[in-house]
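Shown below, as structure tokens, is a lone chain in the form predicted on its own; questions about how it binds or moves come after it.
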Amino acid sequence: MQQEIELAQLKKITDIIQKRFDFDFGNYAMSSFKRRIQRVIEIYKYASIDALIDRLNDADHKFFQEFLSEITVNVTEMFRDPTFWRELKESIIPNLLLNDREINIWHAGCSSGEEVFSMAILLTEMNLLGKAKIVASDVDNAILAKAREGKYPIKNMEVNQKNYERYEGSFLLQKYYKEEAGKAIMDKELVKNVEWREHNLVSGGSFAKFDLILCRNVMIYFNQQLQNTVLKTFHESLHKYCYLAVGSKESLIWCEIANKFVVVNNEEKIYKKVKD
């Protein structure tokens, strides 16, 4: 029978992580954090939550990176929500071209990189890959290494291909990868203008100005205070009249800087910065 995890035990874990690894989980949504901790206990077959607490107390950086990979959510697909990608292709990117400058894009919380490759394919098919610069960031170094590698289980490509068809891509997705030992090896040319960057949304702050920021299905794991902090970072990181895209269950309407954005597409959760 699963031992019920108490709030005090979760607090103990966040305190240890903050003190030993300078990583703040204090403002993560606790219900989600609790589910992830339960998963770690099951994966590592710890007898109890106290056993995990003991392990974290004397953990090295390598174990913490493994722990971080389990705690942060890394489930994604290429061209997930195909209508969103169509909106980028038909409306958002053409509007950015009117600025007559290189398009700077930030994938914040890029996970294993499927979204980054989707963007690179979209730009390739619009003949814009050479006119765009992409920063892809994540807090988890291990998952960032996977993204940089661009190798995905071939079994995942079926759903990716279906998404790509619904997005109305120009070719077959197979044009962009080769199959090798059960893996789809993505074409490295797609990501030659990508800077892969370790960045913590909780504490990392703004580091450049962008025309388009994508942070989809990341903030649902943060409480309101942390969402506010992150959204302020995004506001600061955007050029005026440029765009922020969040996940389908996320919104800017309630946040402290809501009046500095207008809704461009409510269905696809795309917003435009209108005030500094």
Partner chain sequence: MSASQKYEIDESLPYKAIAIGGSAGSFQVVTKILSSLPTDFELPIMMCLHRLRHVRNGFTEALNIKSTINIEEPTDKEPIKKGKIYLAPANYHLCVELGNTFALSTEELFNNSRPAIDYMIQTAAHNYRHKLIAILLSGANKDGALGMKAASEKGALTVVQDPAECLIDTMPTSALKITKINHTLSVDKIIDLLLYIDQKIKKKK
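Positions refer to the first chain, counted from 1. Note that the coordinates shown come from a computational prediction; the quantities given were computed from them, not determined experimentally.
What comes next is about the form predicted in complex with the partner chain, which is not displayed.
Q: Counting only non-hydrogen atoms, choose the one of 58 to 66, 205 to 213, 230 to 238, 244 to 252 that falls within 4.5 Å of the partner chain in the predicted bound form.
A: Only one stretch passes the 4.5 Å heavy-atom test: 244 to 252.
Q: So, Q174 and the partner chain: in the predicted bound form, are they within 4.5 Å at any heavy atom pair?
A: No - in the predicted bound form, heavy atoms of Q174 and the partner chain never come within 4.5 Å of each other.
Q: Consider S48 of the chain shown here, and say whether it contacts the partner chain in the predicted bound form, taking contact as heavy atoms within 4.5 Å.
A: The answer is no: S48 has no heavy atom within 4.5 Å of the partner chain.
Q: Is the gap between V40 and the partner chain in the predicted bound form 4.5 Å or less for some heavy atom pair?
A: Answer no; every heavy atom of V40 is more than 4.5 Å from the partner chain in the predicted bound form.
Q: My question is simply whether L7 lines the interface with the partner chain in the predicted bound form - judged by any non-hydrogen atom within 4.5 Å.
A: L7: yes, in contact with the partner chain in the predicted bound form.
Q: Using heavy atoms only and a 4.5 Å cut-off, determine which of E168, E87, E149, E77 is in contact with the partner chain in the predicted bound form.
A: Spelling it out, the residue with a heavy atom inside the cut-off is E77.
Q: Considering only 190 to 229, what residues come within 4.5 Å of the partner chain in the predicted bound form, judged by heavy atoms?
A: Residues within 4.5 Å: N217, M219, I220, Y221, F222, N223, Q224, Q227.
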